[in-house]
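This document starts with one chain, in the form predicted alone, laid out as structure tokens.
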């Protein structure tokens, strides 16, 4: 059964994915010339992926998915947005990686959409805020991981929202945050027409969901740099971004490594 909030977000991502696909921030031309879009944290955490099966959750149009394929992984990308998957299939052909697989699915409904089990499940930047039920999410991860397999997520830290925005965020908020007419994070002049629905998750929520699913958290880290130019005037250093007045005194990102 379709989840009402997820279907709203599906409409939002169907609206904006083409804008992202063609936006210079995503470096499409550089990717087609051989540039790898993965950042150092995830590459260091997962190491050599040659010959390993890898599922990428909430992959949008699959650039990171295909970057893992270029490093030797047998990849399957998953996203709720129909148009994102259309662009992912287009990109895999343009990149010469036709063997990559992409599945259109809400994560909650993913079990049964693939018969494979995976050595690695990966999820990254700007995704966990779209998940309401972390317990159900963790159950899906547990289902698709092989015994001895690894799940790794690196994403924005909820604490950062308390410092970066004027909204009345609270780290302990449990209900949805609904927003419409917001500025896209790539083309900041574009106002997103659809209403999005997001959730705040404490770090303990992630840990507890994994434990409840029978998985083992083996590492968790926090970072005071960002995966994108949050305010439009941040300074890039390597793969990551910092405010112009220097590093923050609070975390901007976190990562979690989990095994089965």
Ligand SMILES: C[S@@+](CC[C@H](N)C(=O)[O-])C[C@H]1O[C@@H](n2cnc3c(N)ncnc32)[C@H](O)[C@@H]1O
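Computed from a predicted model, the values in this text were never measured in an experiment. Positions refer to the first chain, counted from 1.
Below: the form predicted in complex with this ligand, not depicted.
S.K.: Heavy atom within 4.5 Å of this ligand in the predicted complex: which of 223, 35, 26, 228?
M.R.: Going through each option in turn, the one that passes is 26.
S.K.: Please identify the residue among 144, 87, 152, 130 with any heavy atom within 4.5 Å of this ligand in the predicted complex.
M.R.: In short, 130.
S.K.: Heavy atoms within 4.5 Å of this ligand in the predicted complex: which stretch in 68-76, 103-111, 186-194, 172-180 meets that?
M.R.: Only one stretch passes the 4.5 Å heavy-atom test: 103-111.
S.K.: Should residue 210 be counted as a contact of this ligand in the predicted complex, where contact means heavy atoms within 4.5 Å?
M.R.: No - in the predicted complex, heavy atoms of residue 210 and this ligand never come within 4.5 Å of each other.
S.K.: Should residue 6 be classed as touching this ligand in the predicted complex when contacts are defined as heavy atoms within 4.5 Å?
M.R.: Flag for residue 6 set to yes.
S.K.: Any of the heavy atoms of residue 121 lying within 4.5 Å of this ligand in the predicted complex?
M.R.: Contact check for residue 121: no, nothing within 4.5 Å of this ligand in the predicted complex.
S.K.: Using 4.5 Å between non-hydrogen atoms, is residue 13 touching this ligand in the predicted complex?
M.R.: Yes, residue 13 sits close enough to this ligand in the predicted complex that at least one of its heavy atoms falls within 4.5 Å.
S.K.: Taking this ligand in the predicted complex, which residues along 47-74 bring a heavy atom to within 4.5 Å of it?
M.R.: Read in sequence order, the residues that approach this ligand (within 4.5 Å, in the predicted complex) are 56, 58, 59, 60, 64.
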